[in-house]
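Quick setup: one chain, the form predicted on its own, written in C-alpha cells, and binding and motion questions come after.
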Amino acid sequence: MLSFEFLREKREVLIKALEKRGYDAAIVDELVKLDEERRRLIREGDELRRIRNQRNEDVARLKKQGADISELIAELRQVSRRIKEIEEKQAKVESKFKELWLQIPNIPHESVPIGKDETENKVIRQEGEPREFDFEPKPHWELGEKLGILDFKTAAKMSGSRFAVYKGLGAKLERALINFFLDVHTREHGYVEVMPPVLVKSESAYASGHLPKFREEMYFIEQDELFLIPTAETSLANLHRDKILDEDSLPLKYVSYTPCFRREAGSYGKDVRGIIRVHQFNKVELFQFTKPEDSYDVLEQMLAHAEKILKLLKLPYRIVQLCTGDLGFASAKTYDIEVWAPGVGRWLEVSSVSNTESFQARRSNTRFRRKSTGKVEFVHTLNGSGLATPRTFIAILENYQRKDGTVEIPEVLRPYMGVSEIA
C-alpha cells in the first residue's frame, strides 16, 4: 500500500508510475473523487456532531429553566438522522476507496528499466558457461522417469496435471536441496530459520500484497476462510504485523522452508511437461526487515546470498533486472536469477529477489522507532527465493547428466545424499 501523499500531493507521479507498469491510470481520478467525497462527509459529520453536542447542552439548560424544548428535541432528532445517513454513506465510500486503493501497485524505483513485458527485461550479467555436451542432452522429465525418481502418471491419478511424485533418490535429492539451502543461509548468511503456517487468513494475504491482486492464483479453503500460501513471503511479511520494532534490532533476517501452492490459472497449455510449472512445490524463502536507507544495499546483499547457492552447485546462471511491465505487484525493484537448463534449452527462473520498500509494511503496519528522534517510521521489507527447488532440481538433472542416462550429484550435495550419482 502506498502513502496517501501519492494521491493528494504526488498525483502525477502516481499516474506516470501506473502508465510505466501498464496499468490504467483512470483509476486515479476515481480514487481522487472518492477521497474528496470521504473527506467532505467527515467534515459534514464533524460539524453536525458539534451542533448535536451544543443542542444537547441547550436542552439540558432550558429544561432546568422550565422552557419549552420541543423544537430543540425535534431538531436534535433531525440532526441525529442526518448523522446516521452520513456515517452510512461514509462507510460505503471508504469501503470503495479501500477496495480501489488496494489495487494500486508499488511505485517502481527510478533504476527500473521501462518496458511493457518480460521481453524487455534487462540481462545484467551471466555467471558460468553452459556445458557443451558430446550427446543430445535429455529433458528432466525423460531422465527422471527412466531413473525412477519422478513419477508423473501416478501423480496425475492422485491429483491431476502439474503434480509429480518424487521417489527414491529423487525424494532424497529434493530433501537434500532444502537442507542445503537452509544450512547455507543460516550458517553463512546469518538468517534465523522460521517455520510458519502455510494456511493464512485473508488479512495476512492483504498485508503481503497477494490479495486482492492474486486471488485467482491462490487456493482458498472456503469452510475455514484460509488461503494456502503461494510463497513463504505471505507468512513472513506478517511476522511483526502491528508492531513497533527497536531500531537496534534491524535488520531482521529470516529464512523459511515451506511448500507453496499456486493455481497457475493463467498458464493453461504452458510448460505442461515435467516440473517447470507445478501447483505444489518447495521453496526456501529469504526475508528481511530493514531501515529505509539500508534497503537497496540489502537488496544487492540478498541477491548475492541467493547466487551463492548456484555458485556452490556449479550451475551456470544469469541475473535479469525486471522492467516496469513485468515487475511484481508489491515490488519497487526486482532481480530474477535464471539457471540454464540444457535439456529444455532454456533459462529458468529459480529466484526472484525484490525490495518492496514500505509497501508491505504499510499494509501490515510494521514500524520502527528512531533512536535519535523517537519518530516512528515504516520499515522496508525485502524478499527473495533462496532457492525454489523444482527448477534447481531440473538444472541439476539436466546439467549433470551423463551419456548413459545417469546423473552425477554435485559435490556439495553428496554429504546430504550419501551417494555420488543417481543411476
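Numbering starts at 1 and follows the sequence shown. This structure is a prediction, so every number in the text was calculated from the model and none was measured. Throughout, rigid core stands for the largest set of C-alpha atoms superposing within 1.5 Å between the two forms.
Beyond what is shown, the protein has a form predicted in complex with the RNA; the following relates to that form.
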Residue 46 versus the RNA, in the model of the complex: is there a non-hydrogen atom within 4.5 Å? yes
With heavy atoms only and a cut-off of 4.5 Å, decide whether residue 376 touches the RNA in the model of the complex. yes
Residue 60 near the RNA in the model of the complex, any heavy atom under 4.5 Å? yes
4.5 Å heavy atom contact, residue 157 to the RNA in the model of the complex: no
Candidate stretches 383-391, 23-31, 350-358, 366-374 - the one whose heavy atoms come within 4.5 Å of the RNA in the model of the complex: 366-374
Let me know the one among 304, 73, 123, 195 whose heavy atoms come within 4.5 Å of the RNA in the model of the complex, would you? 73
Exactly one residue in 215, 311, 346, 77 has a non-hydrogen atom within 4.5 Å of the RNA in the model of the complex; which is it? 77
Residue by residue through 200-217, which ones have a non-hydrogen atom no more than 4.5 angstroms from the RNA in the model of the complex? 201
Relative to the superposed rigid core, does residue 79 relocate between this form and the one not shown - that is, does its Cα move 2 Å or more? yes
With both forms fit on the core, has residue 36 moved 2 Å or more by CA between this form and the one not shown? no
